[in-house]
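Next up: just one chain, as structure tokens, the form predicted alone.
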Amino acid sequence: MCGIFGCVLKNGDAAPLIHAALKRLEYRGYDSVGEAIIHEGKLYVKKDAGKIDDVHALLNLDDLPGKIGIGHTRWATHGAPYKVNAHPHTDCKEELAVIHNGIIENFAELRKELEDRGHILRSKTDTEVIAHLIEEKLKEGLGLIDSVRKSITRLEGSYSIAVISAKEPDKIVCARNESPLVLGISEDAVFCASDIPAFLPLANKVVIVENGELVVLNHKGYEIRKLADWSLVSRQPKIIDWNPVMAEKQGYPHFMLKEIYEQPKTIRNTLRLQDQYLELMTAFLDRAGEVSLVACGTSYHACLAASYMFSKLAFLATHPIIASEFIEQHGRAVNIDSTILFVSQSGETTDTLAAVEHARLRAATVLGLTNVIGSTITRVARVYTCQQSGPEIGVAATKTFTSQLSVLAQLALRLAKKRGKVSHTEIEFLEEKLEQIPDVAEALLKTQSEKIRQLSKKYRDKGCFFFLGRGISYATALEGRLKLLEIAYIPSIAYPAGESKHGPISLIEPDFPVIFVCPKDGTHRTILSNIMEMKARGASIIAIIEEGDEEIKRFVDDYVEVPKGMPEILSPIVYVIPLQLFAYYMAIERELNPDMPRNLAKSVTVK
């Protein structure tokens, strides 16, 4: 998501160094940029929306003197990409500056509390409340370190922050909870950043800051303390021998693999969406007699899964529609009573925007789910929700798909609760399971990755695959098939398992690989029958199963186990992860670059 950088230099000016570091963080994706410098007891801030080069041409990011400073590239989650929302954010007196990567869940309550105390908050961001919380503590007579320490105890959510103050111009104070924070150590300077590439040309000695720690950087070096008991942490730097490309990928060989492994974190961020945004979207959905879910590619598969969620939980008729077919198939039926939720990672997909414009012209209620605040969908939708999964560099969608599913599941649960169609006990159970998904995903990645890699070696020479699932798992099968098509270039077919005998089964011959998505849900017994049908004809069966599902294990050639207890309605969020990994490793085995599949682009902006 956002990129942060800070430096304390013994010699030279910080501003050009910050500018260069922010350029090295461009790969993270961003919509605005800013820096703050302390010089001769005064704070100087430069920031604006736009690309670094454009902002530099306008403001000259290099011309501020001073040896201590911080810089930031912002990926918008709260507040559109405008200058006022760019970081750094300052207190009322503009004496201290804060940069932040993460999401503050309780910022709305903190904002109201601060405004009631007379603070003037200028932006729409969650970050700005941090500056004013620290200002409150400084007013009480505390120093900067203690003010930061006390303030962050009020924060709920994820953060890595860096703070400077004109009143204490010799230091940067940093803290971390969940969002990454690393230190760089050299002979003449100390650095803090969200990612190693920011300072890699300047320092190869790295210290990883852990959750629940506060760091003070000054000319003498760094000091780390645990927030819980204020005990001193002794942690020696490690030598990093990554080249710049490896550093951008945090040591992973490809962005796609990095982003697959980021999913526990990105799902956790998605589960921190502000209540008021979800409630407003839920209110519009509740008014609708039926809802169309319109999207392309991976986002369409998320919509297909969501149609099961809304139908089963909220008793709401929802119709997933491929965006490029929407006008031809449904165009004349759209009217003032239509409610349409458009889903697009980029918010700029041409086919989706054409459908949006048609719906607007026919006075339909247009809702949006996207990953990019400031995109066209956020500007034209009556209500929109940002999925908060951060920039995705790999062309094949991975973390953005699971984030979309997480948002849609939250909406379905809220709508079910609002309509009273499901018992409170079941709602609470599903909400609890949804909150557990990041941990489940993390466990899955730790325990099954090597097994999946070995499966790719076994099946790398196969010329075609079937993907089969029943119920909501059909959407999972479709997405798994798409990933294999996209990056390993293997012809693949996905079907509802019950439809497999209406034609596709004719392709089955000895050793033909068939991948079944088999959560232990209401479709379990019938999917077992489908497995037996394929097995009887000589197919090689790979099954994605619940951990300990001995019944299915007996009849398959290979299996990948997902941790127990995932409810059917939430299963695509975790059951798709083994299929993403399988596609990735198949591409590697076939000596293909999974980050740059041929003929594909991240955002399709042509018809």
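None of these values were measured; they are calculated from a predicted model. Numbering starts at 1 and follows the sequence shown.
Beyond the structure shown, there is the form predicted in complex with a small molecule, which is absent from this document and is the topic of what follows.
Visitor: With the small molecule left out of view, choose which of 297, 513, 438, 368 has a non-hydrogen atom within 4.5 angstroms of it in the model of the complex.
Guide: Going through each option in turn, the one that passes is 297.
Visitor: Can you work out which of 73, 127, 270, 349 has a heavy atom no more than 4.5 Å from the small molecule in the model of the complex?
Guide: It is 349 that has a heavy atom within 4.5 Å of the partner.
Visitor: Among 470-478, 389-397, 99-107, 504-512, which stretch sits within 4.5 Å of the small molecule in the model of the complex, heavy atoms only?
Guide: In the other structure, the partner sits against 389-397.
Visitor: At 4.5 Å between heavy atoms, is residue 482 in contact with the small molecule in the model of the complex?
Guide: Residue 482: yes, in contact with the small molecule in the model of the complex.
Visitor: Taking the shortest heavy atom distance, is residue 486 within 4.5 Å of the small molecule in the model of the complex?
Guide: Taking the distances in the model of the complex, the answer for residue 486 is yes, it comes within 4.5 Å of the small molecule.
Visitor: Verify the contact flag for residue 345: yes if a non-hydrogen atom of it lies within 4.5 Å of a non-hydrogen atom of the small molecule in the model of the complex, no if not.
Guide: Although the small molecule is absent here, residue 345 would touch it in the model of the complex, with heavy atoms inside 4.5 Å.
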